[in-house]
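Just one chain is shown here, as C-alpha cells, and it is the form predicted alone.
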Amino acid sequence: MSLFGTSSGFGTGGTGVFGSTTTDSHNPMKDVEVTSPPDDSISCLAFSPPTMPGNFLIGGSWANDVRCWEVQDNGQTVPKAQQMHTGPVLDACWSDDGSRVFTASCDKTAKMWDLNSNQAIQIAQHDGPIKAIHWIKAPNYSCIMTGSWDKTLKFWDTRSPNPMMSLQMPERCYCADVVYPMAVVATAERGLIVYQLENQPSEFRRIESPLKHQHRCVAIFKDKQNKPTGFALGSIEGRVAIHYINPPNPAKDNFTFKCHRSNGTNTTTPQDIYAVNAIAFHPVHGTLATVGSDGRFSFWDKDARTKLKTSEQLDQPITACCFNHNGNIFAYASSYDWSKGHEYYNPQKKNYIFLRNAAEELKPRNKKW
C-alpha cells in the first residue's frame, strides 16, 4: 500500500487517550520530515508536473540554493541534487515536461537547471532581485515570466540573453501566479494586475485591491471547466480575498476572510495578527491551503465558505507550501520569516519541510441545499 495512497492513514497523527504522546513542537502534526532540508529560511516549494513519473520536490532557500528531492511512495525522501545562486533564491518552478527547473534570485538573475545534465545556466537578468518566476506553455509559444523589484515583468524564451517582452509595472512585484491563459501579479502599494497570455502576453486589467494591507501571496483558481476564473490573494494582515475576474454578481461572489490570527473569532481580547505567507489550491478538489507566520496551515473550501481544518501550531512560521500533481501530498516548510524582526531569529533553529497526506482532508464540504 502506497503511503500517499488515498487509503493510507499517513499524517493523521498518533494521538493516544491523553492526547499527543510527545510534545514535539517542531512537528506537532507528526508529518513526514524531508531529509537534508536547506540551511536557511525556505522561500519556495514546487512539485514536479504530472508528465513526470513519480514525485520530485524542489525547494529554494535564503542559503542561495535550490534542492531537489525524490519523494517515494513510502514517504521516504531522497536528496537528488542542488544548484547555487550568488544570492537568496526567492522562487522556483518547473517546465511542463519536468526536464528543467527555473530559479529566481536576489542576485538579479534567473537560471535554468537541466535536471538530466545537472547543469544550470543564466536565462534572465533584471536590475533588482527577481521575486517571482513562472513557466508559460501556450499553443504558439513557451517562455519564462519573471517579476522583479525593478518594477518590470519580463518574458524570456530561455535561448536569448534579451527578453521577448518587457512590461512596466507601477510598483515592485511581490508575488505572481500563472495558469494559462491568465497571469496575475500583486505588487507593492497594493497593486494588482491581471495579464492575458494568448498569442502574446498583454495587460488585461488593473484591479483595485480587495485588501487594505500589503500583498503577500496570490494563487489562481479554476472553474468546473478547468479554466482560470479568479484568484486568492493573501496579505500580511491575516486575511485572504477570493476574487473572480468576471463574476455574475461581484458584490456577492467576491469576499474576504480572516485567517492566521490568535484566539480565533473571539474579538473581545486583542488579536495577534499574522501574515499569510502562501496559498495553494488542491489540483483535484479546488479547495485551498493557506500557511502563515503563526506557524499553522489551514485548509478551506471557498465555495462552501468554510474552514476544513487548522493544524496545531508549529514552533516557527510556515513560509511556503504546495500540493503534488494529484493532490495526495501537501508539502509545507517551517522556517523563520523575519516577521518579528532580528530579535526572534535563532540561528540554532533548524528548517524543516514536511509532507502530509492530503487526499481526504481537502475534500469539499457537502453543499447544504
Partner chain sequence: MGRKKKKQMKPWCWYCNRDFDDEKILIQHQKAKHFKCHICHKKLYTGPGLAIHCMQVHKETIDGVPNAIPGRIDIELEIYGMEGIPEKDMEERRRMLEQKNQETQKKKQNQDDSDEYDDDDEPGPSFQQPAARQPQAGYVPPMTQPGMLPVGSGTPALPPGSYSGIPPMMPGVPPMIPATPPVMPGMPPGMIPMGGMMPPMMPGVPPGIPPPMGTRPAITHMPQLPPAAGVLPRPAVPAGPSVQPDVTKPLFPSAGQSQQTMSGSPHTPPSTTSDLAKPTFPAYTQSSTGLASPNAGSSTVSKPPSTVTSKPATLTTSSATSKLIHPDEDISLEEFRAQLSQYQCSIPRQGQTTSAAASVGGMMAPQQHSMRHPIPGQYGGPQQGMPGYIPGRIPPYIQAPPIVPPVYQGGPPRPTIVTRPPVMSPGGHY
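No experiment lies behind these values; they were computed from the predicted model shown. Numbering follows the first chain given and starts at 1.
Note that the form predicted in complex with the partner chain isn't included here; everything after this is about it.
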Quiz item: Would the partner chain in the predicted bound form be within 4.5 angstroms of a non-hydrogen atom of every residue among 208, 239 and 270?
Solution: yes
Quiz item: Is residue 54 close enough to the partner chain in the predicted bound form to count, meaning some heavy atom within 4.5 Å?
Solution: no
Practice problem: Answer yes if any heavy atom of residue 106 is within 4.5 Å of a heavy atom of the partner chain in the predicted bound form; otherwise answer no. | Solution: yes
Exercise. May I ask you to check whether residue 212 falls inside a 4.5 Å heavy atom distance of the partner chain in the predicted bound form?
Key: yes
Exercise. Indicate whether residue 346 is a 4.5 Å heavy atom neighbour of the partner chain in the predicted bound form.
Key: yes
Quiz prompt | Those residues of 65-92 which, in the predicted bound form, come within 4.5 Å of the partner chain by heavy atom | solution = 67, 79, 80, 81, 82, 83, 84, 85, 86, 87, 88, 90
